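The data below hold one chain only, encoded as structure tokens and taken in the form predicted alone.
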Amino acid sequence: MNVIFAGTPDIAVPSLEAAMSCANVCAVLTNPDSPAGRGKRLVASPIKTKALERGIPVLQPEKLDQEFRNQVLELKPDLLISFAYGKIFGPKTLSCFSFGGINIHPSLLPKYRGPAPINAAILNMDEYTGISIQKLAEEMDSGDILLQNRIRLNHDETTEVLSRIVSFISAEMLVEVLENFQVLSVKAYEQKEEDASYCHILKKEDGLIDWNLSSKEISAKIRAYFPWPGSFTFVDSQRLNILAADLIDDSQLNEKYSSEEAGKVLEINKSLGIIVKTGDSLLGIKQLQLHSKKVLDFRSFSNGFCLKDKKLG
């Protein structure tokens, strides 16, 4: 089977390697090189880097226009495989593939259609998330399901960690789909539109912490937004990034500080971290960073900056 693999970030690399193991990847489709760092030097996507290592042709169109479709037609591909590519495929593009296209989406579709399903599952403290491989359809993430697997969440995962887990499970699932494509295509089932939910593109300002929320909600937010867009608060008009924090289950400590104002830094505890009052209990900050400074553990940070009795927000 001749396939074109469309993807951009690290999460898609194991699936590209899986596709190469059981199909002929005649080209890779990825976003144009993007500027990065202070020097704004153009940097290739992880998918492009992997493709070039394997000697696979790379397509990087600004638009999926007729010129691009002509390039695709010359390759005579059977199937388009998409995973976190970043653009929508219209019917004209999909018609270039004799078997159409499939998409790997890291949620239990129809839940969390859209661009940030991993973050959404952590943020909403779901018991399970998962991975769906679906047929590409005109409406985003609405195609028939070929294969779906569930992943139990422990409620300590960050988006970085869960993305790594998803990347390897997705690769295993893709092999199963490609090796049984005809059978799974016949058995594919429609999504229930009445159960559909959506997640939005994340923005930097989404990471602002509301200390009036519960400790569990704030913890989920910090984990869901690591490493991007990151969670943050303010202290003395300075931005303070919060990279890691733990729930505090100590009932005596919670009772001691029950009447304190949400957002107040109560103490620096050698084992629990920088203890902050939330809307319902306590949270221990373990890793943090003043804007433009180094990321530090709470002990190192406290040696140079005293947060005790300060109000965050």
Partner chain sequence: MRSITYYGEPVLREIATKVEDINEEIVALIEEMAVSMEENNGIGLAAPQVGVSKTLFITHAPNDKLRVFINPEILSTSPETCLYEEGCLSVPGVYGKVKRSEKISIQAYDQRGKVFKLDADGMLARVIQHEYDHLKGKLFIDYLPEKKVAKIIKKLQNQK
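Fair warning: this is a prediction, and the values are worked out from it, not measured in the lab. Residue numbers count along the first chain shown, from 1.
Another form, the form predicted in complex with its partner chain, is not on view; read the next lines as being about it.
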For this session: Spell it out for me: taking its partner chain in the predicted bound form, does every residue among Val235, Asp246 and Ala262 have a heavy atom no farther than 4.5 Å from it?
Result: no
Seminar exercise, completed: From Ile104, Leu108, Leu162, Leu240: within 4.5 Å of its partner chain in the predicted bound form by heavy atoms is Leu162
Exercise. Among Glu138, Glu179, Glu205, Asp195, which has at least one heavy atom within 4.5 Å of its partner chain in the predicted bound form?
Worked result: Glu179
Exercise. Do Glu172 and its partner chain come within 4.5 Å of each other in the predicted bound form, heavy atoms counted?
Worked result: yes
For this session: Indicate whether its partner chain has at least one heavy atom within 4.5 Å of a heavy atom of Ser142 in the predicted bound form.
Result: no
Exercise. Is the gap between Glu127 and its partner chain in the predicted bound form 4.5 Å or less for some heavy atom pair?
Worked result: yes
Exercise. So in the predicted bound form, does any heavy atom of Asn149 sit within 4.5 Å of its partner chain?
Worked result: yes
Problem set entry | Heavy atom contact within 4.5 Å of its partner chain in the predicted bound form, the stretch among 213-221, 90-98, 180-188, 77-85 | 180-188
